[in-house]
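For reference, the chain that follows is the form predicted alone, supplied as structure tokens.
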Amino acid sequence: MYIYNEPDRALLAQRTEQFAGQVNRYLAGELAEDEFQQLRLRNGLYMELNAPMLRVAIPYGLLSSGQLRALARVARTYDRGYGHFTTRQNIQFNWPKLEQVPQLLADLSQVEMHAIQTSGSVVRNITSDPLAGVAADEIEDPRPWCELLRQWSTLHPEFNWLPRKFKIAVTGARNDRAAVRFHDIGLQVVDEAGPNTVFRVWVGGGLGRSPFMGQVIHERLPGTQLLNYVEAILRIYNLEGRRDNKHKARIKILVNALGIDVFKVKVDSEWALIQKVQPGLSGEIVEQMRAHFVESRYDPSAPGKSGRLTFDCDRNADFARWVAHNTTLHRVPGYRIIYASLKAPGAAPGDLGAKGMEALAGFAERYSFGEIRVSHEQNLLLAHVREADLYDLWQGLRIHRLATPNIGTLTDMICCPGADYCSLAHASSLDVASMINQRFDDLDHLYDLGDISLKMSGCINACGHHHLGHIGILGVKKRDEHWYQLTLGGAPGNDGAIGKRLGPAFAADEIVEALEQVLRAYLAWRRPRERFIDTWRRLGNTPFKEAVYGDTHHRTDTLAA
């Protein structure tokens, strides 16, 4: 992984000291609330319902074991003993005291971590494929490009005050696991021709109250021009994006207002001007960055030891079930990628306590070269585990409730913190997640339901990506009560789609029953080996709507918020 050099460390120390001064001035009454707001947002600090919330960056979802141990210390020292991993491959702490945040950030700076630009109208944390560097379908490891983008965008003076937040995702695989079509800019490697990596560029994607799938603005962008072209897009957005209405300020609104052809002409014109005064990335710079992401020292004898995996699966059905659902093939024979599920029954999705973090750091050091990944689905991964070590690792994970064999099932749901923590949320999401876990607690039934993506948001801002779930749940408020809308048919990958609302909202005590009715209809109508999303694409919303609402489906949408 990328290791900071002296200029990196000096910059981070300076920024940490600067923010400490800002906090002290605010607490002394020398900074007004509105003045402090933008300063704290650019350092990842929100003022939420119960306490400040600090969002710490995990660039492209990659952690060392030392960094995970540091996060555990933060959870134990400054919070209530746990952290919340997000869909943006970050971690959030929900209970720090404002006066302690500067020291918290100083502690994290010792392990090359920070909260810079995890909020505010700036370029946010660069996200990527959690399987980067190990996936069998990968054309090129995207992480060097992510790091180049991170360094270029961090504290960029021209883009420190954009019309709204800006999100970039990068994937190097044929199968998109980074949802690049639903970001302000999405980058997908399409060809690796020696040093000249080629990207397809998507622009104008995003969720929230006006969800859009991005559009292709460049089919074959040379990697040497990546930063120049991204700069051209950001310049046009900075100049022409709306600032009079925050709900219409995202680049998706600008792209759709102008049309992709007009927007592309503007970007290409700006790009041409940039190229006259600013050279592209040199091959030397790219290779220097690639050197930080060298291949791990895999055991050449690992394939010959994989017979133990078959033996262990034959003798232990629980282990075999975990292997089937929580591991996936590695591009190196004899190794597996394993998912540490943060979706144990009764646990808030994405939450992990300090003890669990420390345990997983230890497992990473023992089994996976000291490396941990954060997935968009709010789970953690160990990406380099020998198949011969899987049984021992599984036993350790079980002790810490990290081995629930539910990856890819209904209860592997994405869920934002909702109204229990967030001042923007309209409804609780954690309570609904708990009810769903209680109703669908039979693993055999979950496996029969098959591959289903359930995503839930507590408000229209869509932090839980409900638009992209095969089944989405959106919390809304009506008459000061929590209600919930269902959407069906969303998908984030190569077959990306935005889900369609099923009908009027359900009360909190109705939503789980409505979900069950959707699933019963699917079981009744699916063809052999047909996934939920495939059944929905074949049949559409209408039969599901009739199954759920029955004689009451004529209720007007005025019931929905």
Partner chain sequence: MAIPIIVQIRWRPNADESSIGCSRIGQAVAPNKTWQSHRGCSDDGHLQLGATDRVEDLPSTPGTYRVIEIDFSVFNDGRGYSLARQLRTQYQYAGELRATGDIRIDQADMLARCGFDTLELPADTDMAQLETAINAITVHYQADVQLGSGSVS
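For clarity, every value in this text was computed on a predicted model and none was experimentally measured. Numbering follows the first chain given and starts at 1.
Keep in mind the form predicted in complex with the partner chain is missing from the figure; the text below concerns it.
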Check your understanding: Is it the case that 313, 317 and 513 all touch the partner chain in the predicted complex, with a non-hydrogen atom of each within 4.5 angstroms?
Key -> no
State yes or no: in the predicted complex, is some non-hydrogen atom of residue 541 no more than 4.5 angstroms from a non-hydrogen atom of the partner chain? no
- Query: Can any non-hydrogen atom of residue 153 be found within 4.5 angstroms of the partner chain in the predicted complex?
  - Reply: yes
Quiz item: Just to confirm, residue 391 within 4.5 Å of the partner chain in the predicted complex by heavy atoms?
Solution: no
* Is residue 38 close enough to touch the partner chain in the predicted complex, meaning at least one heavy atom pair within 4.5 Å? -> yes
Exactly one listed stretch (522-530, 22-30, 496-504, 66-74) reaches within 4.5 angstroms of the partner chain in the predicted complex by non-hydrogen atoms, and it is 22-30
As a check of understanding, the residue in 99, 158, 261, 284 with any heavy atom within 4.5 Å of the partner chain in the predicted complex should be identified as 158
In the predicted complex, the residue from 288, 278, 210, 438 with a non-hydrogen atom within 4.5 Å of the partner chain is 278
Contacts from 270-289 to the partner chain in the predicted complex (any heavy atom within 4.5 Å), listed N to C, are 270, 273, 274, 277, 278
